[in-house]
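There is one chain below, alone, in structure tokens, taken in the form predicted on its own.
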């Protein structure tokens, strides 16, 4: 069975490589966000950096363009922007799907999986899923992640539960052991375990329930994150995913338990948009700073979005840090600088006062745009993208409510009633000396928005008609000022 699945994965990649001239030109296909060449993807998994190569594993169906037959797809990159898709890494077998998890570099061969002289095994820790049981399993690679073997003595952690998943593992240097954060979804808790060899696990503690309890908790990730402006100082940040959104907690980890610093009643979101989930991080990077990637889609309509022959995308990789603002720890997310390598033909647009609307001469569906907005005092103002006829995607600021929002009501949504119903989201945001700074990335069917240096972020899907490429500035209720406007085309990473 394993050989059959390997052949399937290899044939898919080989066939698609031969057809590469036809791929990545489809309507809605992102040009600088990672998508598999073909078929379904969801959660990013196993983000690990080894020998100058970033590995991205991901939930993948190697047979069709909808959820099912979960296995781990695989892609590699030297810069987190240009990706090479490889054959399926870890395959569903014997009715056991390969659900989400993590991967680590076993530098000192603590597992004993080293089968080659001077090699350092990559070890994947993942959830094996059946309809009645979820347990934690291992697989390992001695050729830099290109082929994998499942550990013959799996499972390594089994509570005989139907819902117990998404192990995320890192090396805890102070204790000289591995730490696993794993989800107890129904209980809305994260369990922590430790191990010296990745095979035998000892329970440490539980965290939760608290914060957002709107859905089951999934996809935890615990990491150390630098503090803005305080060299060499860090805080611990814990991610969880629930329903179709995410939250984070900031605090400290003593090797046994995670203790949150922010008020227990507050909810902090990584992303306030409609389509961001299951983000996890590279703990070991060139920059010595954690970098996260999230899945761009929404479980409410994930199978219904009108993309083919692929479904699902990964976010722009985001550098993470934290900042204390009025005794509240806030996550700062910034798009990686290497994305600038794809930019061309930057244009400065003259500062402009807007009452009503102003149509820009710039057009496109693959670009970045940033500017300072001095919003109208008692109305709404902002930007409309993907404009065509009466269709557009709106990014706006409501001065009365002090909220930034996105609205896709006037975009194509006939493919899904749930997509049409989830058409707007917002976040609290005060102006800074009367202005807000907006950095907008548009990529065919994906919009990512970073405000005020990444304190508030939105990610959303939009599906424009082919000729919906217009850009409009707007101000309702008075005059708004747009300054330092920069527009730059982003070329394809393919």
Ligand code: FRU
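What you see is a predicted model, and the numbers here were worked out from it, not measured in a lab. Residue numbers count along the first chain shown, from 1.
Heads up, the form predicted together with the named molecule isn't pictured, but that's what we're talking about next.
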Practice task
Quick one: from 106, 407, 398, 218, grab the residue that has a heavy atom within 4.5 Å of the named molecule in the model of the complex.
Solution key: 218
Problem - Sole residue of 70, 429, 438, 447 within 4.5 Å of the named molecule in the model of the complex, by heavy atom - result: 70
Exercise for the section: Counting only non-hydrogen atoms, choose the one of 399-407, 93-101, 139-147, 330-338 that falls within 4.5 Å of the named molecule in the model of the complex. Expected result: 93-101
Problem - 4.5 Å heavy atom contact, residue 249 and the named molecule in the model of the complex - result: no
Practice task
Find out whether any non-hydrogen atom of residue 276 is located within 4.5 angstroms of the named molecule in the model of the complex, and reply yes or no.
Solution key: no
Exercise for the section: Mark residue 166 yes when one of its heavy atoms lies within 4.5 Å of a heavy atom of the named molecule in the model of the complex, and no otherwise. Expected result: yes
Handout entry: Any non-hydrogen atom of residue 299 within 4.5 angstroms of the named molecule in the model of the complex
Key = yes
Fill in the blank from the handout: When the named molecule is considered in the model of the complex, the residues of 34-59 having a heavy atom within 4.5 Å of it are 42, 43, 59
